[in-house]
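Before any questions on how it binds or moves, here is one chain, the form predicted alone, in structure tokens.
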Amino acid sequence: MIAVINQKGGVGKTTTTLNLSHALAQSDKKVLVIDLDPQAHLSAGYGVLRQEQQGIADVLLGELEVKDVIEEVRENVFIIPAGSRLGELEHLTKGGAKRGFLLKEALKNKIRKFDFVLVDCPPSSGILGMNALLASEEVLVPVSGDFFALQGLSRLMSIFQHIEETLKRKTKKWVVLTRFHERRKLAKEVKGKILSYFPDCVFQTAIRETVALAESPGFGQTIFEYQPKCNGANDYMELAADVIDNRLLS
């Protein structure tokens, strides 16, 4: 299970979850995506957002099982929507430390049939983000090509390290460069710094800035449905190959 996470907004986190999952499915992988963001942008991107919707919120609140809320949205792609009550989890006070393990417990022995499980996380380090981190074996951090994003990545890696020390287990960490302008000097400098600070963590493929990537979720479509021959579609297919074959920049 891979948590797609970054505390900084606007870095292409949901865009990456949406299009990477569809790219993996087109590579003959069976994929489950979990919308763990109360804004439910991933659910909207797959065209399944509805009012008063049941979803992962109801599972984490102990009212439904995973099988009750999972639905197939594309060939080989299944989603657990956010649900209209997900925001309640951030204000949950009962349960103490157990609140951080709700997702892990809910999914136990229920996701084995999937080749990949991607969790779209909220842009915060609250209860929902913690649930994603504690339930996942890997994290994928989308980072845009600016220095503010670089600072956010450094703070995020510190959080990961603290969790690893507390739980006494390692989590694989991956970085994908997003909203990337390959001709800009600043983007190249940020890329170089990320590679020097976090070696053996950065996937080969950078996701180029493409207008179509921002437009497609508004139509309930992935980039492969909205504009399948654009740079964004090509980049996400290459990123899927990076994830499958562990292709990293050196």
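Each residue number is its position in the shown sequence, starting from 1. Because the structure is predicted, anything quoted here is derived from the model rather than measured.
Missing here is the form predicted together with a small molecule; even so, the following discussion is about that form.
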item: Heavy atom of Arg208 within 4.5 Å of the small molecule in the predicted complex; value: yes
item: The small molecule contact in the predicted complex: Gln54, any heavy atom under 4.5 Å; value: no
item: Gln39 within 4.5 Å of the small molecule in the predicted complex, heavy atoms; value: yes
item: Contact label in the predicted complex: Ala214 to the small molecule, heavy atom within 4.5 Å; value: yes
item: Options 8 to 16, 237 to 245, 222 to 230, 21 to 29; stretch whose heavy atom lies within 4.5 Å of the small molecule in the predicted complex; value: 8 to 16
